[in-house]
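We begin with a single chain expressed as structure tokens, specifically the form predicted on its own.
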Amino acid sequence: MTHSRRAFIQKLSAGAGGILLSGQLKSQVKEDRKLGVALVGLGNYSTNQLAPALLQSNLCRLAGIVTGTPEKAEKWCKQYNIPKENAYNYQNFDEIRNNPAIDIVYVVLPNAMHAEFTIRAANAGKHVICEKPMALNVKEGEAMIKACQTAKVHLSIGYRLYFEPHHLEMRRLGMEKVYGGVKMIESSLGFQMADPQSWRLNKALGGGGAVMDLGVYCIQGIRRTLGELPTALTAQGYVRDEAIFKGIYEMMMFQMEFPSGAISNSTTTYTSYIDRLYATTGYRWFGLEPSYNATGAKGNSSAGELTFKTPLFQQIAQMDNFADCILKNQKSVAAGEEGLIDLKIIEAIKRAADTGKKVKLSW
């Protein structure tokens, strides 16, 4: 069983068996050097997670930045030894097409800007990693995928947990039915975000509150563990503080049905802490708590602990996998199509909450 677990995780984390992109993409990079990454948006996630992770990456390096703040650009260039010609702003961003030092553009902006800068990066001939959620809606997501296909560049979504050992083990236990077929699965995430100044609470910028921001993780945990896509769902939205949560749900609960008969239940909220992924097959169970945060997961099961050594930054494996896919001309396990699946589910969840009716899904 140990060998099976190790082999399964190594296979998934390496993206083995990746599907080739349509047409043969001629790599614009040399395999004897790390791929240059430009971070678009230098907020908290770039500052405290992505930039430090790039310092430890095997296949990537921080080669450029894009920011609207000159003082921030100067500080980053000094701190990370970035040439000034590799520092862009949002107006001259398209000039990045002329910079051979940058191979990958990582879009780390508010949700409403994901589609624009992913498409602009693709048009500039750069491969793209876009943070989650992929876009505000399915239409934008489809446009992003099309733009990258047309430009013959790779697109990946910043799904760090697709490569995290505890989550890979949850996937193995669920898909291999180690404890039997999963009957019920709970996947929830929430934290305190009652800040009216945050773009996440702005419907135009964030797209819809906690379900857009945190719901992606909950959906991933469920469908990755089961290896299935939902066929129907119901949802309930709640707003307790209308002065802060304007036009978006403060809390969203949703339930999904799957072809195997499994049922899921989830809570996403901006008012309370919860971070849990739990699956049960009857008397046997396995789960992670915490599950989704960037500081590390802890696992347990009816057969004992699920313990794995993990790096300080989960994004190292995520970015190295994408670089490896570019070099080998393989499609990432976290490709744009994965982000589009989650957007379709989120749109159905919001529709179910708005109407109070069950929404059926077809794939």
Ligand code: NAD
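This one's a predicted model, so the numbers in the text were calculated from it and none came from an experiment. Residue numbers here begin at 1 and follow the sequence given.
The protein also exists as the form predicted in complex with the ligand; that form is not presented, and the subsequent description refers to it.
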Taking the ligand as it sits in the model of the complex, is residue 110 in contact with it (heavy atom to heavy atom, 4.5 Å or less)? yes
Hey, in the model of the complex, is residue 183 touching the ligand, heavy atoms inside 4.5 Å? no
Using heavy atoms and a 4.5 Å limit, would one call residue 36 a contact residue for the ligand in the model of the complex? no
Answer with yes or no whether residue 273 is in contact with the ligand in the model of the complex, where contact means some heavy atom within 4.5 Å. no
Which listed residue (72, 97, 139, 284) meets the criterion of a heavy atom within 4.5 Å of the ligand in the model of the complex? 72
Tell me, out of 42, 306, 51, 63, which residue has a non-hydrogen atom within 4.5 angstroms of the ligand in the model of the complex. 42
For the ligand in the model of the complex, the stretch among 200 to 208, 227 to 235, 242 to 250, 147 to 155 with residues bearing a heavy atom within 4.5 Å is 200 to 208
At 4.5 Å, heavy atom to heavy atom, what parts of 207 to 229 sit next to the ligand in the model of the complex? List them in sequence order, or say none. 213, 217
